[in-house]
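Take a look at this single chain, the form predicted on its own, given in structure tokens.
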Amino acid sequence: MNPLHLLKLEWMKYAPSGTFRVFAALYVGLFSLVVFLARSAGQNMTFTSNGEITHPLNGLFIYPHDWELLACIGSWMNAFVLGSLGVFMITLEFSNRTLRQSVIFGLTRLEVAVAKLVWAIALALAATGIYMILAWGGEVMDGSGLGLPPAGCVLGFFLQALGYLLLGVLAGLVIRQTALAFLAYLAYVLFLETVLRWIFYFSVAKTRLLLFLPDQVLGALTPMPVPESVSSMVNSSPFTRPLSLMEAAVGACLYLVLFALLFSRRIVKADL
């Protein structure tokens, strides 16, 4: 079982796909556009206080806060574009019977599962590379030079990209029909988990463990940089206090292992 060989097979399968190319273009194009608009709006936004003009958001675009801001912007790309790509990839495999063909042509079911996981890791690495290029590009445009990427931001972004990809793949693997799986995935990341979390909070138990649900953990990997005054108000309640990067990273790693195991078991046992 050579991971590089399996990765090559996946690349040969998806590279010619129009759907894959559209999602790749959407990810790069939308990410770049939103970053450009955010930088333009934030740097030009002014606020007048006591006759003095200030730029309240200008500090968000100064190293290292610019990495945090770009990671937060990228979280939306990860949740909606990468997660949706995960749904479409696996449901199209079932529609085209390519999973069954892979087994017929000599791969074991476990190798098929590993190939998908290796491909997901490669896509998450590519997404992280795009994030780093945009961050460095912004620093060059500002004339501030290239700064070392904060390890926490880069690691958090990668874990989040991989997490949403696998979450989308799981949704597609369970439901199999593209439209239904896509709607179910979007419903979960947009509102379903949040609604269930608050229902449980008010009806069953007020516990901070509710912050360790999958979407909540993945979102906490790329928090929005906020001023200390705002952060202190938000953190006043134990339940509303966001997860630390360490808590989110540990939770994300556990979920990634769980997602990978569930995916592999499903591929091995399911009718392809």
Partner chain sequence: MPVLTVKNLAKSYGRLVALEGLDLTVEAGQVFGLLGPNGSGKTTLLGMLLDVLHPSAGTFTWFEGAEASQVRRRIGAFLETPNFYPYLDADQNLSLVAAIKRVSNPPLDSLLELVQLKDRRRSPFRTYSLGMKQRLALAACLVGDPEVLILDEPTNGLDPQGMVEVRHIIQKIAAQGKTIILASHILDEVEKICSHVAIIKKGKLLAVGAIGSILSDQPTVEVGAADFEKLHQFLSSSSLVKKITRDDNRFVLELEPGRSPGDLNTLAFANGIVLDHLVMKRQSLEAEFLEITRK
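Numbering follows the first chain given and starts at 1. Model, not experiment: these values are computed from the prediction.
Keep in mind the form predicted together with its partner chain is missing from the figure; the text below concerns it.
*Asks:* 92, 154, 72, 126: which sits within 4.5 Å of its partner chain in the model of the complex by any heavy atom?
*Replies:* Among 92, 154, 72, 126, a heavy atom within 4.5 Å of its partner chain in the model of the complex occurs only for 92.
*Asks:* Going by heavy atom distances of 4.5 angstroms or less, which of 133, 146, 179, 104 would be at the interface with its partner chain in the model of the complex?
*Replies:* The residue from 133, 146, 179, 104 that makes the contact is 104.
*Asks:* Do residue 14 and its partner chain share at least one heavy atom pair within 4.5 Å in the model of the complex?
*Replies:* Residue 14: contacts its partner chain in the model of the complex.
*Asks:* Does at least one non-hydrogen atom of residue 100 fall within 4.5 angstroms of its partner chain in the model of the complex?
*Replies:* It does: once its partner chain is placed as it appears in the model of the complex, residue 100 has a heavy atom within 4.5 Å of it.
*Asks:* Please check if residue 250 has a heavy atom lying within 4.5 Å of any heavy atom of its partner chain in the model of the complex.
*Replies:* Answer no; every heavy atom of residue 250 is more than 4.5 Å from its partner chain in the model of the complex.
*Asks:* So, in the model of the complex, is residue 9 in contact with its partner chain at a 4.5 angstroms heavy atom limit?
*Replies:* Residue 9: contacts its partner chain in the model of the complex.
*Asks:* Looking at 146-154, 181-189, 78-86, 104-112, which lies within 4.5 angstroms of its partner chain in the model of the complex, counting heavy atoms?
*Replies:* Selected stretch: 104-112.
*Asks:* Can you tell me which bits of 253-272 touch its partner chain in the model of the complex, meaning any heavy atom within 4.5 Å?
*Replies:* Result: 268, 269, 270, 271, 272.
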